[in-house]
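There is one chain below, alone, in structure tokens, taken in the form predicted alone.
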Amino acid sequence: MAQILQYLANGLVFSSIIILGSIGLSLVYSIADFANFAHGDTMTLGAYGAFVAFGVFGGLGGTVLGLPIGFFLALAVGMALAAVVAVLTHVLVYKPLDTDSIGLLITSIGVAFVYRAVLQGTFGTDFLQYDIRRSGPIPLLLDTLDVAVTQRDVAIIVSAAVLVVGLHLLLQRTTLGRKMRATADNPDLARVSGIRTDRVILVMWVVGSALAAAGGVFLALYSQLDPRIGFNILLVVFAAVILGGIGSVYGAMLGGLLIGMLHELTPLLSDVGLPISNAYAPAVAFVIMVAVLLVRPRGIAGDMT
């Protein structure tokens, strides 16, 4: 039982990261109408931005949930950097192209290679880590449930929850959010209704890329940082978006939660006699993605924005 609780706890942390990545990818698809294969490398870009910023702000005193206050400032810098780069990419690359969604998809693959090449040329290919001392498991959870959960894990879950709630309030309680939902539902109707869809698309890039960067920062904090960290997780993020319903922000949240949990629960398969270790977890996510496409192409949430 303790082992299952440990898998669930790990799944909750990993799901928090996948949810942030999935929301951004779904936002881009719902409003810009193409699958952005550079999304994983946008996550990496934000993680490296935070890594550099942490070298500047890391010495600030005080901690929150075991993380220095400087880390959260670095997180904000990483999110801002990813947003700026994504907007510039949209303005300089995607927007001038007179092509369809397939053309944009292929272009985004090239953009991903450029992002990765710049990061590799600047930082090399070695693994890096934020200079934050790792703390041990929280004694109360370890003693009562025999589950090893660190303050860092809790910080990732709480931070992701805050960002998701903030996005929900933006979409449901603000005029800008209503314009974003209207543009995602029907861009032509939104345009003739007086909504300046060009500005909405820019906001979409800012929000989606910033959330992706946050996911990349937490992923690097959870494991290690290298130029392929976002690309390596892109398949899992796509699986989450497709499971939830591609183009649906709330579906992406649900899909991210389910895929993240299934990813971390994969070791249970070996416990019941199936020779599938955690190394095959991305493949399990891929199988789920294909199965959903065959049975329910619109995903769990369908067309719900």
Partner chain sequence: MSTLDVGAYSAREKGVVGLLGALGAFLLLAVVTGFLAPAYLLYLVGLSAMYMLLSMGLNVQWGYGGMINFSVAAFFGLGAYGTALLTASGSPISGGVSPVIALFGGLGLAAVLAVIIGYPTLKLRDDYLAIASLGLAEVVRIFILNESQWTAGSAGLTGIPLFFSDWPILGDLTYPYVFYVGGAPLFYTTQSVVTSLLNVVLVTVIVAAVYLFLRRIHRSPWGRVLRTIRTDEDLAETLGKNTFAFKMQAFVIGSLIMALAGVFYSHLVLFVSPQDLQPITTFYVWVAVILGGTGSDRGAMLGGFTIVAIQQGTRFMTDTGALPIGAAPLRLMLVGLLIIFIVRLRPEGILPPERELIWPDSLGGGRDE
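Note that the structure is predicted; figures quoted are calculated from it, not measured. Residue numbers count along the first chain shown, from 1.
Quick note: we don't show the form predicted in complex with the partner chain, though the next part is all about it.
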- Complete contact of 54, 66 and 177 with the partner chain in the predicted complex (any heavy atom, 4.5 Å): no
- Item | Selected contact from 88, 192, 109, 165, since only one has a non-hydrogen atom within 4.5 angstroms of the partner chain in the predicted complex | 109
- Note on the structure: in the predicted complex, the residue from 132, 138, 118, 206 with a non-hydrogen atom within 4.5 Å of the partner chain is 118
- Note on the structure: Testing 149 to 157, 211 to 219, 225 to 233, 77 to 85 against the partner chain in the predicted complex with a 4.5 Å heavy atom criterion leaves exactly one stretch, namely 225 to 233
- Should residue 161 be counted as a contact of the partner chain in the predicted complex, where contact means heavy atoms within 4.5 Å? no
- Any non-hydrogen atom of residue 113 within 4.5 angstroms of the partner chain in the predicted complex: yes
- Is residue 186 one of the residues lying within 4.5 Å of the partner chain in the predicted complex, judged by heavy atom distances? no
- So, in the predicted complex, is residue 293 in contact with the partner chain at a 4.5 angstroms heavy atom limit? yes
- Item | Partner contacts for 34 to 51, taking the partner chain in the predicted complex and a 4.5 Å heavy atom cut-off | 35, 37
